[in-house]
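The chain that follows stands alone, in the form predicted on its own, written as structure tokens.
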Amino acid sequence: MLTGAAAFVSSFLIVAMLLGLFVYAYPAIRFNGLGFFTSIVWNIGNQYGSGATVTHNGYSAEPGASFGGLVFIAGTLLTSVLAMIIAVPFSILVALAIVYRLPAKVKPLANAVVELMAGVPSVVYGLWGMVVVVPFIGSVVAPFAHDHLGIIPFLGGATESGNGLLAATIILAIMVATTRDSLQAQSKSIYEASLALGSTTWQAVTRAVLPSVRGGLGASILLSFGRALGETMAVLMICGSAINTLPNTIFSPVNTIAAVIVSQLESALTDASGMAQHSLGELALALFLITLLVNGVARVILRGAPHAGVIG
């Protein structure tokens, strides 16, 4: 009864959060319409005028107000997808090294390091990104790309300060979870049987072990993607906080839904009409739905993989 009640409470909280966000964001949904997903302009309007408001679909906002979420939705997806492109192959190689290549005496230390990285607060990653990653990108990587790789789309253009899409991608790639536990949970009998049939260690891992845990790996990757979508402080500190502009190079400033909610909340509270606050709620609702979708797909994949093991 206790475990059933706990499961019910967890489900109830998710539904309650979803409904609460929808009710709070409803005025913005009505006011912004579909333009919320196609416009790049985010402006809370003129708060120093005569006090007049503009009305749309029965809801009012400050004169000149426009709430377009495309910049933040695109930034969220871009940073997360690029982070996974970097993190997935790297984390799989690290996991393979720990499980199948490192000596037994070294494995506990390697496992401790991986677990420690997962426990570091995100603000620490953000600060490290500010003092190390951002200056390196701004002074080394961006000028090199401008001089030698400018012909490649998304790499050319003017060099930036270092705060932007690439910095946020690197930090997110380091922060997302690894696939180590999925491989550790798999029995070594498959690996050993493949070796007994004449495979090299590389063939045993790539042709026997990895296919046998592909369900667990897929679910682990999607759960890591869900974490990357919602990361806030580390991204906010190094993303460049772009407003009203989409990135045109990998070094351009960018913004994400989670980061803009934190950075714009104070100014939104000064909006007497409340529409800026409701529009931030609409952004939160969009992020909530995207994250639920990703995690739901991950659970479906995991349910269909009985030998997937524990998700890292």
Partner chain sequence: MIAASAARRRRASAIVSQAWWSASVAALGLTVVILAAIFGFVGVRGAGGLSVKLFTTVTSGIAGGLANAIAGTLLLVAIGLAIAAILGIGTAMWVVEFAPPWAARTVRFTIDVLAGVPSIVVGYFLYVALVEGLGWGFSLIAGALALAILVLPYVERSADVALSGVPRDLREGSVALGARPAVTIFKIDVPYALPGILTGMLVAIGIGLGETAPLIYTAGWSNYMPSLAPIHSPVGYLTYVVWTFISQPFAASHRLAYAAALLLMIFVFVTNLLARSFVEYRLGHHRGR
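Numbering follows the first chain given and starts at 1. Quick caveat, the model's predicted, so the values are computed rather than measured. Basically, rigid core = biggest C-alpha set you can superpose within 1.5 Å across the two forms.
This next part talks about the form predicted in complex with the partner chain, which is not shown.
The closest heavy atom approach of residue 265 to the partner chain in the model of the complex falls within 4.5 Å.
Contact between residue 68 and the partner chain in the model of the complex is not found at the 4.5 Å heavy atom cutoff. With a 4.5 Å cutoff on heavy atoms, residue 21 counts as touching the partner chain in the model of the complex.
The closest heavy atom approach of residue 211 to the partner chain in the model of the complex falls outside 4.5 Å. Shown here without its partner, the chain carries 81, 143 and 175, none of which come within 4.5 Å of the partner chain in the model of the complex through any heavy atom. Along 11-25, a non-hydrogen atom within 4.5 Å of the partner chain in the model of the complex is carried by 11, 13, 14, 16, 17, 20, 21, 24, in order along the sequence.
With the core held fixed, residue 122 shows a CA shift below 2 Å between this form and the one not shown. Shown in the overlay between this form and the one not shown, fitted on the rigid core, is a CA shift at residue 113 smaller than 2 Å. After superposition on the rigid core, the Cα atom of residue 97 is displaced by less than 2 Å between this form and the one not shown. In the model of the complex, the Cα-Cα separation between residue 71 and residue 168 grows by 3 Å or more relative to the displayed conformation. Between residue 110 and residue 169, the Cα spacing is smaller in the model of the complex than in the shown form, differing by no less than 3 Å.
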